[in-house]
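The chain below stands alone and is given as structure tokens, in the form predicted on its own.
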């Protein structure tokens, strides 16, 4: 029974982590159609913003929940104004530009922090369940991911701001005809997507040792989750994260963590072969 509880927590943690890592990319790529290859580096900057803030004496939860998303969101705002806004609708160009950005951010982070691993202490301690030990911080990540998805759904579905953003992404000329500025809405949406990426990096920072190249560990999983989820943003995130998180943990417990990662990639390939439009392209049509 204890082992079953541990497995259940680890599966939920894997699902929550995938949703958290992919949320920012779902906004930037899923909504705005910007192939952001610097997504992992935005997460890396969120992690460093947290670590620097904590080392300066800021409360770790303030650093993770407020400072890191704000800092990375502002960096994303500058990037959007200087580069991305000139490339909307040009997928290959945005891909090349953001790839260059990722290299730039890695270089800057290396100059500032060096190649040594940096980390902070996990703010929530673990506890024992029978003969097993559970990381208490996993529950925090599960809770944060649930709140994040509910918040994104409420913002996009139940607020006028979300309605305007969704409408502009689909028909920017009609939004402009109704008096809204597509330029400002794209800018605000990219800010939110960048802030979500920084938020994810900040939340995961206490669990991993951070180096300037840490973002590379997240980019593939984020793209796979968003693409396999399909056109519906929230339903896609939940469905693909649940599927891949479950597959990953089944093989991790059965064989090893390495096989878990391989099984996740194989599951993604099979899913996209069977459902090229993603899970929500076949099911949950019209859902947010």
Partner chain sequence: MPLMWKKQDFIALVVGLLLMWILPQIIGTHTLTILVVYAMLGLSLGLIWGFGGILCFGQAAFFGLGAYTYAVAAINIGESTFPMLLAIAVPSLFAALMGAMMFYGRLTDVYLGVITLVVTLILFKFVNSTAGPQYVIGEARLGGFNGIPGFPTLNIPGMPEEYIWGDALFYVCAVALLVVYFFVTWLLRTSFGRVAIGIRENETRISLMGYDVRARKTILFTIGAAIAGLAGGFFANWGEIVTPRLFSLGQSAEIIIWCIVGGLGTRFGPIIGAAGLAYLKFLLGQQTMIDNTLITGLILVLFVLFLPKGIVPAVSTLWQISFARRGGRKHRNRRTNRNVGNANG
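Everything numeric here is computed off the predicted structure, so don't read it as measured data. Positions refer to the first chain, counted from 1.
The form predicted together with its partner chain is left out here; the points below concern that form.
- The partner is absent here, but in the predicted complex a heavy atom of 37, alone among 67, 247, 235, 37, sits within 4.5 Å of its partner chain.
- Between the options 83, 129, 124, 150, the residue in contact with its partner chain in the predicted complex by a heavy atom within 4.5 angstroms is 83.
- Between 132 to 140, 99 to 107, 69 to 77, 154 to 162, the stretch whose residues reach within 4.5 angstroms of its partner chain in the predicted complex through a non-hydrogen atom is 99 to 107.
- By the 4.5 Å heavy atom rule, the three marked residues 29, 219 and 261 all count as contacting its partner chain in the predicted complex.
- Contact between residue 175 and its partner chain in the predicted complex is not found at the 4.5 Å heavy atom cutoff.
- Its partner chain is not shown here, and in the predicted complex it never comes within 4.5 Å of any heavy atom of residue 60.
- Its partner chain in the predicted complex is approached by residue 87, whose closest heavy atom lies within 4.5 angstroms of it.
- Shown alone here, residue 251 lies farther than 4.5 Å from its partner chain in the predicted complex, counting heavy atoms only.
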